[in-house]
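In structure tokens, the next block holds one chain alone, the form predicted alone.
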Amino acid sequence: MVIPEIKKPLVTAEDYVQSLRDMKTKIWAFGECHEDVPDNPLFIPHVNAVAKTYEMPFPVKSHLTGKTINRFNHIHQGTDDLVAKVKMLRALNNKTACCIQRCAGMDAMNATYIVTYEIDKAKGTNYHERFKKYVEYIQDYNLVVLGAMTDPKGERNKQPNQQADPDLFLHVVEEREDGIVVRGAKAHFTGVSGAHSMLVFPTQNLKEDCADYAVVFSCPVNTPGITYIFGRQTNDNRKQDPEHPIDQGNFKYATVGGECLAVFNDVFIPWEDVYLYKDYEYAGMFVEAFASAHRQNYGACKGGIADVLVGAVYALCLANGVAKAGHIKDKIADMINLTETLYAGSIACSYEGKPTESGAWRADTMLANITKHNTTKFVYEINRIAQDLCGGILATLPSEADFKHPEIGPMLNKYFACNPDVMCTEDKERLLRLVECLTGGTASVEAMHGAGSPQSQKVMMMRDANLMKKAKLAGDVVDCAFVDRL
């Protein structure tokens, strides 16, 4: 097994940050290659978010070793675990108001555990035993895993092997006695700035002529041959102005998860780290197991962020002296309703979870997809109401440098004043920047497209709905003859 260069189990946030320094993962951003990731202003907020999971570890007992581990590296053993996962995510997002970045890795681990068991049972392979060794190592050392599934895809109406460039879907280009060599890319995935290892999945169902694209494996994020190119983030230019952190909005933590494009240029993966190879008929099972697990989360993580947003808006309404106005209370109630409805979806799909033959439990797929689909709509409405309640100042607030300027600063403090018994002008500035950060740009886009676009959830809803059964139910109620023909 190829393992990250971690010298000891990670216990504290300080241990975690030092482990990233030791790994020396390189990330490209703004045309430069950065080797100082945990100490670079571009990435520090992302690292801080993951570090919170070491400060708040949510311990649980491993079913594999009996040791106490971080819940982010746990294989769910019942509905209690599924519910605890959801509550953990909301609690962490309450503290950071941003993506925690470990969810995709947790969900990829659970999906791989479930599907490798199914493959081994059907085909006599040893993927599952390989994977269990990987899980035990990740648990013992308390490492951060990320999940990488989405391929660039090129022309969407063509299969991977029909693309003009075969590398638009990650695939195996060479089989060796000791492993395989892969080439291609993975896009949009979260958390490379704060991860130790990654699990790589196919992105869709595959046919036999696409068997070279049916590959699942793990590798350290600093594996030679992988190039990471960071995506633009909301306020990323502001992050490079350390003298004025208030302008960043959520200056301690990231706006979203730090998504990137990872290019695999003939990367070697040893056999012990391969958990699917050319068994193309199981590619779709990996996708669906991961997607359902990941969509389970969204009512919790977005609900946790919405809690902070509601709090910021309410505090500003208090400071402006309008919190008791009927229309203000009505709009805040709408934000609360949407937030709790999202959370209820995550809780419901967890309580309705079911066991798999592997022993791992998975959330109800229908309810998980509905939860995520609601997120693609409700988050925008929550944000819209927040922007409505904050008013035009949200878009016209001067910079922190202006507020601190000896000549114009006093003017701004005079004319942006609010109820001094509630907050000072600087606190008002801080909260307005936080609302701006939480309601704009990539934060909303991630709610729409993270864990799959809205259409992908509809596909799975239609599959799981069993419409023919529902048609028979209706026919039986009123004694229709057509029921016997369905």
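The model shown is predicted, which means the values in this text are computed figures rather than measured ones. The first residue of the shown sequence is 1; numbering continues from there.
In what follows, reference is made to the form predicted in complex with a further copy of the same chain, a form of this protein that is not presented.
Participant: Does the 4.5 Å heavy atom contact test between Lys24 and a further copy of the same chain in the predicted bound form come out positive?
Facilitator: Residue-level check for Lys24: no, no contact with a further copy of the same chain.
Participant: Do Pro220 and a further copy of the same chain share at least one heavy atom pair within 4.5 Å in the predicted bound form?
Facilitator: No, Pro220 stays farther than 4.5 Å from a further copy of the same chain in the predicted bound form.
Participant: Answer yes if any heavy atom of Trp28 is within 4.5 Å of a heavy atom of a further copy of the same chain in the predicted bound form; otherwise answer no.
Facilitator: Result yes; Trp28 sits at the interface with a further copy of the same chain in the predicted bound form.
Participant: In the predicted bound form, does Ala97 have a heavy atom within 4.5 Å of a further copy of the same chain?
Facilitator: Ala97 belongs to the contact set for a further copy of the same chain.
Participant: Within 4.5 Å, heavy atoms only, which of Pro270, Gly231, Gly284, Pro355 is in contact with a further copy of the same chain in the predicted bound form?
Facilitator: Of the candidates Pro270, Gly231, Gly284, Pro355, Gly231 is the one lying within 4.5 Å of a further copy of the same chain in the predicted bound form.
Participant: Exactly one of Asp247, Asp212, Asp279, Asp81 has a non-hydrogen atom within 4.5 Å of a further copy of the same chain in the predicted bound form; which residue is it?
Facilitator: The option sitting close enough to the partner is Asp247.
Participant: Any idea which of 198-206, 139-147, 110-118, 161-169 reaches within 4.5 Å of a further copy of the same chain in the predicted bound form, heavy atoms considered?
Facilitator: Single hit among the candidates: 161-169.
Participant: Relative to a further copy of the same chain in the predicted bound form, which residues of 312-341 have a heavy atom no more than 4.5 Å away?
Facilitator: Read in sequence order, the residues that approach a further copy of the same chain (within 4.5 Å, in the predicted bound form) are Ala312, Tyr314, Ala315, Leu318, Ala319, Asn320, Gly321, Val322, His327, Lys329, Asp330, Lys331, Ile332, Ala333, Asp334, Ile336, Asn337, Glu340, Thr341.
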